[in-house]
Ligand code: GCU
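One chain comes next, on its own, written out as structure tokens in the form predicted on its own.
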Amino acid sequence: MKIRNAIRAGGLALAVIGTVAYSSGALAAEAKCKKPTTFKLAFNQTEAHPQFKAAVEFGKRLLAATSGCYTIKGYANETLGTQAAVVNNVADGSVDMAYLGGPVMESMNPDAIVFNLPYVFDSYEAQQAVFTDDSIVGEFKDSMIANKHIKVLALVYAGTRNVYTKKAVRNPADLTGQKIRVQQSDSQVKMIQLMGAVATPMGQGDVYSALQTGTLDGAENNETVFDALKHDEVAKFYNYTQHLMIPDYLIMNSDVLAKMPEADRKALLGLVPEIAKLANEGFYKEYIPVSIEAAKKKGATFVTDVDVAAFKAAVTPLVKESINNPVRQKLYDAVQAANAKFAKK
């Protein structure tokens, strides 16, 4: 399958440029700038990922919407550095834009923990109702402009994260003593510990070899990472604990954004909702099913009879202790309202 082959190829790519130079056709004829300003966008996954594909489309549409003045060039596979490094580069303006994982955002704005808590969202629909409502997340998106020079353009869907291991896991007791890689944040460490495992914070690029050598017994992530980074070769059981539905963030240096001419800035911001939707839908409609099928062909087992209620009960203390200020309480209450609105009858 072409998509699956692209995923494989993406894992080897050093960098992929996510933009298309305009030709001497209609766009060039209408261009108001001799040469477009190109924003660099950093990404830590492959070029086959729907978020990266959305960035490519963002570049094309921005070029057209600004009459040839601005476009976006994306770099996949951590070419511009790890997420921890890239967020600082966006802050200082040496990188213009990036996709950023939830735990890294939490290190920049601790109130982001609300969206990183286990089992906080009941459904994709509830999550998107919160993320697309600026009466809920508008202040949060602007909260780092003053001190970090970072503007959150969009919160995007990043799948549901589950635990994958070398043996089947159906309840917290099955995780006892297992060394599970987690993202590098305090909340993620505490979460895995409460789920019964030994938390091992680690960068994404080291996980495969750690699984292969036995330094790790497992990890937790969505199905696309499980397959795209070939973790399904060294941890054959993907267990549907369904413990996280954390977002990724599309961020931009706020000074770079502010310096754009008003019309071009409005054009960029106007494109963001459709680009976020493109990334979201590509993820759950296309990428996840393809990843599952590819992993199964390599011998992976998807364990569905997991006692999710037991895991949810185990992590309740983390949720309670984390909602500890008015900002977090307001965000948490909005999430719960969305969960209730979209609850399955």
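One-based numbering along the sequence shown. In this text the structure is predicted, and so the values were computed from the model without any measurement.
Form predicted in complex with ligand GCU: not shown, discussed below.
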Does any part of T66 reach within 4.5 Å of ligand GCU in the predicted bound form? Heavy atoms only, please.
no
Is Q83 close to ligand GCU in the predicted bound form, meaning a heavy atom pair under 4.5 Å apart or at it?
yes
A235: touches ligand GCU in the predicted bound form, heavy atom cutoff 4.5 angstroms:
no
E106, heavy atom within 4.5 angstroms of ligand GCU in the predicted bound form:
no
Candidate stretches 210-218, 235-243, 146-154, 93-101 - the one whose heavy atoms come within 4.5 Å of ligand GCU in the predicted bound form
93-101
Among N253, T165, N222, T71, just one has a heavy atom within 4.5 Å of ligand GCU in the predicted bound form, namely N222
Quick one: which residues from 142-167 get a non-hydrogen atom within 4.5 Å of ligand GCU in the predicted bound form?
A158, R161
